[in-house]
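Here you get one chain, nothing else, as structure tokens; it is the form predicted alone.
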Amino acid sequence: MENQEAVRRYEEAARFLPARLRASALALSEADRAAAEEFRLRTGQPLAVLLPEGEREIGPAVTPADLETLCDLATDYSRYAAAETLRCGYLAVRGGFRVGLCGTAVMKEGVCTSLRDVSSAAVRIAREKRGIGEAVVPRLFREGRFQNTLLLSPPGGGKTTLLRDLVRYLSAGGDDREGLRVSLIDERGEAAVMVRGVPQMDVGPRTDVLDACPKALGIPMALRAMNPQVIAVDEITAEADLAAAVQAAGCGVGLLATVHASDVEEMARRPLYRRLLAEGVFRLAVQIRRAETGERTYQVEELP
């Protein structure tokens, strides 16, 4: 059943490819369709699919017209409605998919206002992986209280997927605990995948999503406006993010965040994350480990 769902999501993502490229994508074996993570389109290069073992060329060379058609299909021929995310280099697509874009930045007063002459695209094949957080959530509580938690893995390790499922479980609650009010600051639009105000992913019944907002601005906004019990953010990457997280912790709000690091030791070697640890804001870390088969395991440990 899980394999069939993965194949179905692959085929849904392929609908956003131009017809001549879609045919090549759908010719892939069922096993590869179930395992595929992204379509990669680059002007002048063959259509490629990202598999656990790396990229594989599967189709004809991509043309500028193909990329224009992709953008039209992804936005239902209404690019003006997606202008805000387009200037940030991505499109959030109905069904929970996300299209990352590269091209020529249109600059005004030092700010990117749009992209033109699109030259590359990455169509992420979003899969919710519902249930992966079920065994993790109970381990994030001490005496009935949620503990501030970091999710660790290298890029592409599954942090956002786990974050989304943990948010869903925290929001929904369970037999032995009530659901919590969660504010999800979804700066890059990958966790909830909002399309015109509607989350395309299941992030739970008590989750409020602040989409396409920098974390350093979004965290205090949520604190002021939404009375959250937990604030969830994807990727702490800057001093301003850290300062906002410290502010939230000082207000007694729980924190759930991701960082790029394979383990706590690697995190401690980076100046920003070393300061994060020194602040003592986060109590637990969940290390995401990925086997050669692509299967992921989740190890919870106390932070020093």
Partner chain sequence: MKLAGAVCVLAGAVWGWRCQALERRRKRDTLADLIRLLGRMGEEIRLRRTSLPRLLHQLAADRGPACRSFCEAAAGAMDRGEPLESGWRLAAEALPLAAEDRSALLALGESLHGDEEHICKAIELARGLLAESLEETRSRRAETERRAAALWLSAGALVVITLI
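Positions refer to the first chain, counted from 1. Quantities reported herein were computed from a predicted structural model and do not represent experimental measurements.
The same protein also exists as the form predicted together with the partner chain; that form is not shown, yet it is the one meant from here on.
The partner is absent here, but in the predicted bound form a heavy atom of 68, alone among 57, 68, 37, 263, sits within 4.5 Å of the partner chain.
Residue 81 is the only one of 122, 132, 226, 81 with a heavy atom lying within 4.5 Å of the partner chain in the predicted bound form.
Not displayed here, the partner chain is kept clear of residue 208 by more than 4.5 Å at the level of heavy atoms in the predicted bound form.
When contacts are judged by a 4.5 Å heavy atom cut-off, residue 88 does not count as touching the partner chain in the predicted bound form. In the predicted bound form, the partner chain lies farther than 4.5 Å from every heavy atom of residue 202. Using a 4.5 angstroms threshold between heavy atoms, residue 117 stays clear of the partner chain in the predicted bound form. Residues with any non-hydrogen atom within 4.5 angstroms of the partner chain in the predicted bound form fall in just one of 70-78, 167-175, 182-190, 229-237: 70-78. Residues are counted as partner-facing when one of their heavy atoms sits within 4.5 Å of the partner chain in the predicted bound form; in 186-209 only 196 qualifies.
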